[in-house]
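Take a look at this single chain, the form predicted alone, given in structure tokens.
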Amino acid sequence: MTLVLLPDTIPLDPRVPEGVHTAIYDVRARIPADLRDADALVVWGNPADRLAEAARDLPELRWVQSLAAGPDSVLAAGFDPAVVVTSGRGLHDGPVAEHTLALLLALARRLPDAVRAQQRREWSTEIGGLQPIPGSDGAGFRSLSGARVLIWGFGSIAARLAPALTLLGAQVVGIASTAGQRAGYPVVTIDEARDLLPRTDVLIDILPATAATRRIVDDGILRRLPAHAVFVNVGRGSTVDEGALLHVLQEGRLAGAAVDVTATEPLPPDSPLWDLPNLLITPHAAGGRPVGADTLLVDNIGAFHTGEPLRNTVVRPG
């Protein structure tokens, strides 16, 4: 009998083959003794200490399925190297693409400024009234129409987001480790992208958290962008040098930014990032809804039970 543990943080009801048994566990509590012979563990919203505890408590474990697009919390938990880790890549494409688009439109249409004006009961003629034509001198980033957008980390989320940006008139180029065409869009390497940054209106970060991406969006990258440009991060907070981001926003070297993720989460109340009027912060809200989780589980549980390759297998470092 194969035992698969399902988290209580999301309603799951995958159809499993004969010989497979599922049990629901409380992600906030230690896994009960009668479930510690589990073969597989599905993870969603598990606290870091409980994940590390599970890594120690489940000696028979052979597979961990994360429903998160980025499995960094699982990789950090200390599971045996022989345990196969699979991610929720693809489950968050729609929600994250929608959230990214919402952040971009909020920056373009100055919605944070409008909210502050509303709180002051002020009908702001600076926000409303006559406005520069997009693309004209002094217009800055005020529309996706004609905007030049770079998406760093051109995977399945970017493939979902890019057509929406195109529909609104943006010119989209991806950045990845290898150049070429992906989902019908040109993709360049970071070395090639450095030449594009001074002519870029929007830089979007959808990078995963790895040793190679740690603080890769640094002062040198941010200062190559024109002063009217904006930066959006819906990837991982560790990919950005937050001190550099703070300084370019304070100095007006960047018109604005929006971040859904930060290096430390929750973002501490005393962080100076909270005080920046040209920074829009959302509390890691882009994902949070793994769409199609049961379908992924049906496929992977069936494959696991029969010894076939699993979807979204993560190459573990070292």
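A residue's number is simply how far along the shown sequence it sits, counting from 1. Source: prediction; values computed, not measured.
From this point on, the text means the form predicted together with a small molecule, which you will not see here.
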item	value
Contact flag, Gly287 vs the small molecule in the predicted complex, heavy atom cut 4.5 Å	yes
The small molecule contact in the predicted complex: Ile206, any heavy atom under 4.5 Å	yes
Non-hydrogen atom contact Ala54 with the small molecule in the predicted complex at 4.5 angstroms	no
4.5 Å heavy atom contact, Val83 to the small molecule in the predicted complex	no
Selected contact from Leu280, Val261, Ala255, Ala293, since only one has a non-hydrogen atom within 4.5 angstroms of the small molecule in the predicted complex	Val261
The unique member of Leu105, Leu167, Val115, Ala212 whose heavy atoms fall within 4.5 Å of the small molecule in the predicted complex	Ala212
Region of this chain that lies against the small molecule in the predicted complex, out of 218 to 226, 148 to 156, 74 to 82, 116 to 124 [heavy atom, 4.5 Å]	148 to 156
